[in-house]
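The data below hold one chain only, encoded as structure tokens and taken in the form predicted alone.
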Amino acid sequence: MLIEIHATAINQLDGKIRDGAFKRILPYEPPLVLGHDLAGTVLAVGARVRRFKAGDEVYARPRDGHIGTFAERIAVDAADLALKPTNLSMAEAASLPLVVLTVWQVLVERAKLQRGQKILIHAGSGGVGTLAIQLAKHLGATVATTASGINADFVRGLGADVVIDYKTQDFSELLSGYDVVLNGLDAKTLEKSLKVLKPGGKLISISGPPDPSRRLRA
């Protein structure tokens, strides 16, 4: 499908691909157009496309190997698209696909977060964190998050039950018995997060490519 792009978004993943941090698992070759999110209008569809038609407003996260939303137009597989919610602007819709898919994969598909469990979400005021807090609460979990003091009320408004001011408090000394930790920060934070997990708990990191030389266990 050919899409006219009205809005896109910049993610940390774009910067990491640009810098070569993911070249072992995402072997892109320059020159490369970056961009993983889009909202726009369908210009044309392939002969076997049935779900969409020209003029539809859509949003998408094009699959790996076919990114390039920092552009005016892009060809996207129909399976990667969805109709844009009518209550969202193009800019709002373009901010969602990559982070929403990330949060769903982490909390639902990987962590299998259940009602009554406890989860620590690092960087709660960031793009992934804001959506992760809301989905975790929707799933019935108790949510702790790290954020700066200035953002404490903001993340509480999203549903966070416990807010740790990372500038003045050490989360690893204040929290314990958690079922899941979502880490989007550095390796030091990842290792400290092991302290808050209960036996058998899950630590899921989205901050960098996997390092096969390090296998961490709670």
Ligand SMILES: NC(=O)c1ccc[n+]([C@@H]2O[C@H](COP(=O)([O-])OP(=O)(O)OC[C@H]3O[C@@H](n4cnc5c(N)ncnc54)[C@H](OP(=O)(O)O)[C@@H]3O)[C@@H](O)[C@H]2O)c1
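Given the structure is predicted, the values throughout are model-derived calculations rather than measurements. Residues carry their position along the shown sequence, with the first being 1.
Although it is not shown, the form predicted together with the ligand is what the next lines describe.
Val162 falls outside the set of residues with a heavy atom inside 4.5 Å of the ligand in the predicted complex. Contact between Ile204 and the ligand in the predicted complex is not found at the 4.5 Å heavy atom cutoff. Not displayed here, the ligand is approached by Tyr166 to within 4.5 Å at the level of heavy atoms in the predicted complex. Proximity of Ile74 to the ligand in the predicted complex falls outside the 4.5 Å heavy atom cutoff. A single residue from the set Ala144, Ala111, Ala94, Val99 has any heavy atom within 4.5 angstroms of the ligand in the predicted complex; that residue is Val99. When you look in the predicted complex, the only residue of Leu185, Leu34, Leu26, Val45 with a non-hydrogen atom within 4.5 Å of the ligand is Leu185. Using a 4.5 Å heavy atom cutoff, none of Ala7, Thr69 and Asn87 lies near the ligand in the predicted complex. Listed stretches are 172-180, 52-60, 26-34, 145-153; the contact stretch with the ligand in the predicted complex is 145-153, by a heavy atom cutoff of 4.5 Å.
Annotation for 104-139: interface residues with the ligand in the predicted complex are Ala123, Ser125, Gly126, Gly127, Val128, Gly129 [heavy atom within 4.5 Å].
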